[in-house]
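Two forms of a single protein chain come next, each set out by itself as structure tokens; they are called structure 1 and structure 2.
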Structure 1
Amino acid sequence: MNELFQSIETLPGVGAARAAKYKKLGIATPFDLLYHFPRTYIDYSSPIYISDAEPMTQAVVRCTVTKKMHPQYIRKGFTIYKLIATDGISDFTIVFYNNPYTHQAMQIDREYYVYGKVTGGMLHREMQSPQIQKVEQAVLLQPVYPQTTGLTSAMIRTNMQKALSYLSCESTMETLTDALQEQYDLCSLTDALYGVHMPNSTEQLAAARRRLAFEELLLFQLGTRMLRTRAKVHNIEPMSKDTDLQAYYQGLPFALTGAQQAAIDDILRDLCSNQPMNRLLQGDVGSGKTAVAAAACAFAAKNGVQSVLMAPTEILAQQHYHTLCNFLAPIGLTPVLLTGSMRAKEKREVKSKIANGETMVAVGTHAVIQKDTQFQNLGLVITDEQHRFGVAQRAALAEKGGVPHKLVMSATPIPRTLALIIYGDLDVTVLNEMPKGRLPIETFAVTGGYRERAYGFIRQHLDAGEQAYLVCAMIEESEQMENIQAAESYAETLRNGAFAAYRIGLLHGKMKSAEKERVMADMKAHNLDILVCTTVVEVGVDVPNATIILIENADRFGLAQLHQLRGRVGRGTQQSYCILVTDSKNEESRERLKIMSRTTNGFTIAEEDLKLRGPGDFFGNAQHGIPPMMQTALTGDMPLVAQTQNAAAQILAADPFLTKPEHNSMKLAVYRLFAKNGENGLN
């Protein structure tokens, strides 16, 4: 067992150079390697005839080599090697480039499985640089792993076999009790790890994945529930229930909705408790979360307590700073802004104001969690777009105030089932009412054939003094995705064509922060008529005069992301429009866009998105620390989710902090999972 937790460098066949590459994948030990799960599998168990393969797609073919061609020396350092093979029905050519070894190793009249991209026409097919397996030695379900430069899937498979051989003693690895395994019909952990890395059948693979998904869902929920219980152990000084917020309400330029007032009531009740608040404020785009957060800041300030609002990007931090200044100025509060791009002198001045208590409200990016940012009396921590933060960042921010109240804001509507898991340590408040005067955004899904008509529609609104966003899926041209409108070339085309008479700006994620800020400011000041942008415009831009958003290649985006983008318009009192352009013939893609046209309810859209695409759209890749096997489970196996919720509740009801001997391994696994994701609140 000790071998599993030594450096990956000690694993036979790895060494220092390969260990450095594994480090890039977050793999430091053979144990970590065992939890580096395949992203997919090549299924050699159902080969097809070469004539049935779609051109330019990957296929598995069982064939016999019939002839070897002489090498073709194209130029110095470049040689083509070809073989002729038959699948029993058709002949085809196998091509290798600068690979004499495989060419020599393949034998005439020997049977092989070949897997690769099929090219050519109906009369003659080719397969270029395929993966090869001898039929009698074939692994029929071959795992394909997430890789990095210089570390191939084949290398990982070889190293994985050795790591699996360390699993000699099942009982020392097992995290789930025998009773749990029996109750939920789960295989052992050792069988599961063998089954996911070296499956002999689809049935064995399914059983392995179910066991691993169950375990990670269970551990995640045990951890979040333990965090929630532990947070309630702390007793803190409650704020005064008699604190009057009438001046704040009267200073707002609008009347609060019923949902906003109810959310504020929830938060104030928490602030006046002797236990720290842990609350999620979940609201659709434009539902008014910032006004609720500002009320919490005002209440805390009147109680002599500092607040900090942390946003994931400088753009969003700037937006919140300006909004909070407007909301809090009437009651004499002046927030400060702290971001990474500020000059050193500015930063020192702001940090001094925070440290000596001269300011009661701070807004910033990750700069507010740096070690040299000290608060005099931090009692309220607000994080926005929670899923964009690493867990470690949230923990570091929370630690600055000892045991502060925590409010998490998210504009991403999350299905209730998913929210219960991801935010299992938080109480949830939902803003389900839009401010008065907001008109629903009219949404149209059209093909590229309607683009010119859409441009004409946009010009009409620009001529009326309104503004528009045109969103692209990519920043630069790409050979692999050449049909996708790239933002830079798209903006140039528009400047020279359909919108030559209008002022066009460009915004994308590769621009420097100062550049982005300048473009955003120009859009807000109406120095631009059109902003061509990538998804960086999802959050942070609040331009009430922008009434149209056209999204190119809309089928490339998830529904949740499309909904977020749509929320960039409809911020004022004018009717706003969203035009989704796609040339996809895929029926599922078209159905997804119809959903967008039918409803503007973010929670309905979120439920559909979870069914269609899984949780990746809500949290992005490798964000929030959701384990990959758990992501697979969340894609649609709701019965498994329900089972793990029940199991977690039963386990903690009998053993709230997993202190019983039979839960030792489980407790260690929970700590290991949360430590890996940077969460130290369990210690």
Structure 2
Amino acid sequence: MNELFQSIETLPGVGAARAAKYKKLGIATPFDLLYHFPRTYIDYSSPIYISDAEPMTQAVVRCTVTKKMHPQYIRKGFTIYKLIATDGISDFTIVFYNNPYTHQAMQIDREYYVYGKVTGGMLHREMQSPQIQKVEQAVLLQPVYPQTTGLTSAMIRTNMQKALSYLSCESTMETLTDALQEQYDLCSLTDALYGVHMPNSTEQLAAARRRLAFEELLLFQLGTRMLRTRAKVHNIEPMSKDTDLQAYYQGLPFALTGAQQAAIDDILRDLCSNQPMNRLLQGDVGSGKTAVAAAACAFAAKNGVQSVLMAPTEILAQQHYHTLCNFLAPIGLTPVLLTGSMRAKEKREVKSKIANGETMVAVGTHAVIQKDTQFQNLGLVITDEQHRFGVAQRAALAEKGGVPHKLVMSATPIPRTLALIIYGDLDVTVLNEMPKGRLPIETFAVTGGYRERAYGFIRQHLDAGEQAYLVCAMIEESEQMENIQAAESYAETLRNGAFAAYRIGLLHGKMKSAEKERVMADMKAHNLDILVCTTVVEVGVDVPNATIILIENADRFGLAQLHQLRGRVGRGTQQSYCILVTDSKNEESRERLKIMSRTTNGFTIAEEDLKLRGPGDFFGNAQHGIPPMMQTALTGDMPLVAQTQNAAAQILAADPFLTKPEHNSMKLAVYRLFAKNGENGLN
């Protein structure tokens, strides 16, 4: 059991180089490896005839080799190796490029499963560079792990077998009591881990996945519920000195929407109680969350309590600072700004104003505020997470000067059913109404053939003094390097071609944050006409003059993510446009993109995405800290979700902080889950 928690390098077959690659995936120990789940499985159990295979798709065929051809030397460094095989009905050619080993290993008259891309005409098919297995030794359900450069699924499978061997039968790792396993008909942890990494049958795999999803959901809910209980035990002084916000409302440059007013009412009710607020304010991009946050700050200040608003980046902090200054000036409040790039002297001055209570409202980046800022009487912490809704961020909310009220703002629309689980520790307020007078963004889904025309359309708008985002990205994280190259070469192509006359900036994930912020600031200051970016384009940054966003390979994104990207435009008074480019022939992806043209309501989009895609990557690759099995269950298996809700409630009713010995492993696992996702908010 100890072996499981040693460095991954102690695993036989893992050297320093491979260990480094594992670390990149967040895998530091054999234990972590066991929780690195397959992305999918190659099913060798139901091979098809090659004549039935759809050309250009991957297929599994069971075949016998009938002939080996001589290698064809095409040129230096390029040799083609071919074999002829039969599946009992037709002959086909198996082709390997520069791979003498597999060619050598395959023997005439032996039976193999081959898995690869099928090409060729109806009369004679080929299979390109297949993976092969001898029939008598075949693993029928072969896991495929998320791709990382230099780490193949085959390597991971080999290492995984070793890691699995460290699990004993009565594993002390087991998080679910026997009673729970029995009540909910779940297999043991050891069986589940074997079942998910080395399944013998689809039934075994299904049972393993169900058990692991149950576990993740349960641990997650136990954690969030414990956070909530812990928050509730404090008894704090209600803010009841001065409850009139009329002057604030009258000072605003607009009338609040009904939803904003209702949200403010929710928050004020919390602030007036003797329990600390733990509230999530969920509102689509542009729904006006800042005005709600400012109202809370105004209310706290009137009651002699300091507030802080934290943003994930410097540029967002500055933006919030300016907005808050505007909103709060009419009632005589002067916020201060605290960010990393400020001079030391300036920082000192601001910090002393915060410490001596001269200022009631501080705005800054998470990092700077959390580091060493002393408040005189901090009572309200507002975090603008933009699109992230991770466990980590919530668990890590700064606790300074006693137990402050906490408000988290998120722009990720999540269907209600999911929100109840994911935000189990928070009260949720939804801003489901947009300020009046917004022009909805016009969205078009087009094929690549339309690209030149789209560029022309963009040029017209640039000539009118507007700006555009061009998003070009693959979404698989493993392809990050390619992404950057893709973005760089895309920008280069535009500079030399369609947009030679315009100022083009580039933004991608590998840039240093200072560099990113400089590019965003350039965009904001209209020193750029076009920003070419991968998906990192800073969410929440307001460039009201940007009116067009064109997204390449739009079919590769989740709808929720497309919606976030689209939210970069439509922030000013001008009509804005979103152009989704796709060459996908896939019915489903076209249908999904149509939803984007039909509605701009993030919640509707989230619900539709969920319905359409069911289990899968509804969450896109957002940084959310939601474990993988749980994601799948949340989007597909509602009965399981309900079972875990019951189980969590039952367990905590009997043992609120999991202090009973039989819950020890469970408690450790809860801590591990929350720690893995960031700081240790549970301790």
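Quick caveat: nothing in here was measured; it's all calculated off a predicted structure. Here, a residue number simply tells you its place in the sequence of structure 1, counted from 1. Rigid core (definition): largest C-alpha set, two forms, superposition within 1.5 Å.
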Subject >> Pair member that is the form predicted in complex with ligand ADP >> reply: 2
Original post:
On a core-based superposition, does Asn98 travel 2 Å or more at its Cα between structure 1 and structure 2?
Top reply: no
Subject >> Leu439 C-alpha relocation of at least 2 Å between structure 1 and structure 2, rigid core basis >> reply: yes
Original post:
Honestly, after the rigid core fit, is Gly288 moving at least 2 Å at Cα between structure 1 and structure 2?
Top reply: yes
Original post:
Core superposed, what is the CA shift for Asp522 between structure 1 and structure 2, in angstrom?
Top reply: 11.9
